[in-house]
Structures are given as C-alpha cells and as structure tokens.
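For this one, two forms of the same chain are given in structure tokens, first as structure 1 and then as structure 2.
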Structure 1
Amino acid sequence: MKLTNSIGAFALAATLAMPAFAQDTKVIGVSIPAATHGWAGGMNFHAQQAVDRLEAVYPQLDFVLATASDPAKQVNDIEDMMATRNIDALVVLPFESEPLTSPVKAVADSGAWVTVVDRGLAIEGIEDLYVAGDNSGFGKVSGEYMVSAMPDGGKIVAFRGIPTSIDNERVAGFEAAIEGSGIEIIGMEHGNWNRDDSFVVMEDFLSKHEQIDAVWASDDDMAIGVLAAIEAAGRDDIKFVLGGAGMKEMIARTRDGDAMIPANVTYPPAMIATAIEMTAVGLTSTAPVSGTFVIGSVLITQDNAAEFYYPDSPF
C-alpha cells in the first residue's frame, strides 16, 4: 500500500473545511451503492462496522449512512444530507463518476470535507481525500499471475463485469499484462458480477470451445458460477479459474490448496472503512490525511491466504 499525500494541500483544506472544530457535534455523511452483488455487500458491511465503531470512539461525531440502488438515488441522498443534516464531511463511493461529479462538487463548494472512495470523479481536485482502488493494477496483477502460471501460453476465456469504467480499466490492465506471453483470450463476455449470468455464459463457452486451459473470472461471484458450470460439464481441460476481490469462501479454498482456485487478487471492500476512519481522524485531529491514498491489489496464493481470511465478513 502506498500513500501519496500532499501536506500543503491538507493545511489549506483543513483551514477552509474545518473553521471551528471539536466544539460541537460534527456530522459525517456516508453515501454508498446498495448491496447488489457480493463485493458491494461486503463494502456495506464494512461501512456499517466502521460507522458503529467510530461513533463509539468519537462521541462528538454523528454519522448518516445512505445506500443507493442507482446513481439518481445517490444524488438525491447527497442532496438530502446537505439540506437536512448539514453535514460537515461526506464520504462517497460514487455509483458512476459523471452523474455524481457536480452534486459532490456542490458539497465541496459548501465548505464541507469530501472523501471520495474507489472510483474518481470526472473532475480532479474536488475531493480533499481520495481513497482509491487500483483497477488497472487489479487487472495487471491478475494478468501477471496468469503469465506466471502458464509459462507456455494457452487458451483462456475471460469474464467482464457490468460495463463501467472500472471494468474497462481492469480488462485493459489484464490485456496489457498478458501481451506477448502466448496466452490467447478466445472468448470474452459480460458475466455482470453475477453468479447466474456467469454460469450461463460459461456453459455456452464450454459448448463453443473444445479446449480451454484457464478462466479469468475476474471476480469471485463470477468464479462461483464458472466453477459450477465446469463441474456440471465434467470437463478436465481447464487447469484453474482466477477470480478476484477476495471473497472469504474462495480465500479459504485457496488456503486449503484447491487446485482449481490457486490464487486470488484483492480489491478489498474494506477500503470504505479506511476512508471513513481517515475522514473521522481528519475531522477530529490535526493529523494530516488529505491527498490520494491508493489501496493496491495484492496477489493471494496458498502461502499468504490465511492473512486475508476474515471470518466475520459476509464477503
């Protein structure tokens, strides 16, 4: 994990955003997408946990947590927080970059502290703190693992998520990493980060291709659908399936040495907790927290899997 931060910017931001602190109760708004798939479910869990923990630690802080099922709802949530709760800081994981940019900018312009998580806004420099997942890094680490696991090259099929910039960055990173390695992507379809969709797509890939050496499922939900389809077809040409994001069941199988799931790549949903915690620290102390904080993607193999297994998390 690397921390790129700019202390000068923080000093300026701190004086603007927090003219009077520690006196009265401060309100932190947290706006995140609803739990529509496994990763988002984990993210919701961590957000709730962070809020509960921090409310106990900092009695002078109040939290407002809102989950949105689409970008328009998220815009409404943020506007409501501004209008009715008079928030001093906003932690937002934008559903999509474009539609959320101007509402979040309005929050920043009002003088409140803004922390953006995971995906960036369309205009740079709005947020005080950016806690980012590294999507092209996620793709790159996945691709590099593929290359190392298949030194002689081979044929793979790849699964994409819901068409978004996140998905595009991951796939671009992956494709760049396997460039020239002899690994050929013979099929790529959207599994929409959904088990059922991925099951169906994998069934059809298996009908279409006689020989598949490995699968880049890119997400553990999709990996579960893929594995079920492979098992049902009884095919043994596929050596392994590489998922991603570190779902606990999948981490456990890697840890226990399941040959089909030899590795995983992190994209921790707990990054939302990091962001909330840093915002709370920023609002209650003079510690420097502004800038960009990139949470890199790490390769998990059997050797280090135990470190990444969180038994309490739903994800």
Structure 2
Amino acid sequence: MKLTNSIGAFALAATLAMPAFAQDTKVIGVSIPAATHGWAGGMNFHAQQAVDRLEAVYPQLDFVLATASDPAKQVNDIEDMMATRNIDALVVLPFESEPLTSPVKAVADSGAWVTVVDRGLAIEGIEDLYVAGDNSGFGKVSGEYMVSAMPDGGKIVAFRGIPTSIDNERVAGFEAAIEGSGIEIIGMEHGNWNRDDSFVVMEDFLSKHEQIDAVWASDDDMAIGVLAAIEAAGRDDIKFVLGGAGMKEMIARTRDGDAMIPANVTYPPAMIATAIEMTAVGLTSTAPVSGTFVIGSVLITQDNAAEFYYPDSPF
C-alpha cells in the first residue's frame, strides 16, 4: 500500500488525537546513524527538530533518540531501548540492512510498532510502516539524465553507497535506465557515501582508465570526493559528475552554471521527520498510517535549482 496523504492530514490527525492526553505515557525510540556524512548530518538535524517539536505537541509521548557510528552500536542502542525503556514504538534508519534485521525483528515480535526509514531490512514485512525516498526512481532519474546528457554514449564509472537494499534499488534503476544507450559502465565500486572513501576509489579509477567521459557519483558527498580526485589528477576528459540528494553546496554550483555539476537528484534527509511524525500519529490516534510512504525523486537542473536551494539547511 502506498500512502499519499499530505503532511497536513497528519496535522489533522494530531488534532483529533488530543483527547488521548489522559492515556499513559508511551515511549518512541528513534535509532539513526550518526552524522558520518553530509546527508546523515542533515538527517540528524531534522530528527532532533522533530523530537523537540513533537514532545511539545504530544505530552503523552516520550522520545528516546540515539545515534550510532556503526551497526554494532546501533544494535546495542535498540536492545537497550527495549530493556530499559520498554519502548512502544521504534523508528529506525538502519546503518546497514543485514545486521539490523534481527534486532528490529525482536522489537516487532515484542508487539511494539516499527517504522523503518530509508534503508530497508534484509527481510521484508517486519515493519508496520516504511518511509523512504523513491530509490528505484532515484536511480532511474539519474540514468535518464545521463542518457540525455550523453546522446552518443560513452564510458562512465559509477559509485555505490553502503551495502544496503536502497543501494541495490538505486543501482538497478540506474542500470535499467541506461540500457541500450551506448553508455558503458567501465567501473563500479562502493564509495560508502563518504568523501574520503570516494576520493580513494576515484584515484584508483583514474589510474586504471585513460578515458572516462562522466561519473555517476549517486550522492553529493561522494561527488565531492570524486571532484577532488579529478582535480588532483589534473584530468580534463571527465565532462561532468552527477551526484544526488540535494546538498546545498552542490545545488548552488548547478544553479550557478558549473559545467562539472550540471544536475542533481533529490533525496531529502527530512524524511526522518516525516517518519517520526507519522509514528506519533499512529500511537496517539486511530488514523491509519501503516504501509509505505514514498517520497519521489526530482531532477534538478540550472533551470529549477533555485527552488531547491535552502541556505539555512545543515545539508
């Protein structure tokens, strides 16, 4: 099921839930990766803002927010929430899909509500609510742009993120979109959504390949690492780099006509706030919020970049 209700509907549901204030306090655990890269930094910012806002709106709810710098720490955080806070609901953005599947399943088996955000689990159907960007669409939009920008085809290298279900979906969408276009992927490696990792990977690509026409970095942090490696190597064969997620620094470069960053694809870190808010509505009202809530990806070019530039954003 795909939910198409607007956030305004959630606000209405919140209003309808007001009589529930007399109920016992319920606890919502929020478990997310630490700010290990720009998108995650934006996501942490929006998570904290949502918790602060919703604690004021819902006095019958208590929130526990934990950030983790690796999967093991996130597993421990969730187990601690279960043992010491007896959480009624969990909102989790898994650091990685596989190691988080079992502990999140244990939460679901306890009877608590589970909302999974962005990176799906290794087993489908554990969560009550899944909130994410359209990862297949993200890859598709990226691939379609590459095809339009390279009408004669060419050789590209591609960057993957951390091994997760969403990374698989993005790559599959991208590969399907460029099929039959004459675009050849001559190298694809994990940059782990990390600037430094991507710099090293791009250095390796540059040493192996004398001709690279373009780069699908698939993420703005990875794109920054890629651009740094290209500049350090003094290469001029690469015509452009396509990142993604809408980092304001990259959006500004697209808006200002930087030929190396001609486009971007949206993937908003504020989706964590949507997930926390929908979970709060689910616990405090009879409004139906189970299912899947997908936030579409939009192509950003110089023509519309100004609409997606948010100067006060942390990302």
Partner chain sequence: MAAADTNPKPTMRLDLKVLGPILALVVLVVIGAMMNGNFLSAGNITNVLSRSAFIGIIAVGMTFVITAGGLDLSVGSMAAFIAGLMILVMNGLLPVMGVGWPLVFVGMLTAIVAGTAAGFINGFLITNMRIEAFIVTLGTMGIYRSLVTWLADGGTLSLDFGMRAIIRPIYFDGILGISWPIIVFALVAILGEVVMRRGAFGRHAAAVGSNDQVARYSSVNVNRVRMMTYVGLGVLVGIATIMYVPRLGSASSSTGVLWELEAIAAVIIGGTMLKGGFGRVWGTVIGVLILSLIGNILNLTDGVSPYLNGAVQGVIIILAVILQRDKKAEG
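As the structure is a prediction and not an experimental result, all values here were calculated from the model. For numbering, take structure 1's sequence and count from 1.
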| query | finding |
| --- | --- |
| Structure identified as the form predicted on its own | 2 |
| Selected hinge residue, I295, K248, Q60, G41 [rigid parts, motion between the two structures] | I295 |
| Hinge rotation between the two structures - smaller rigid part turning relative to the larger, in degrees | 17 |
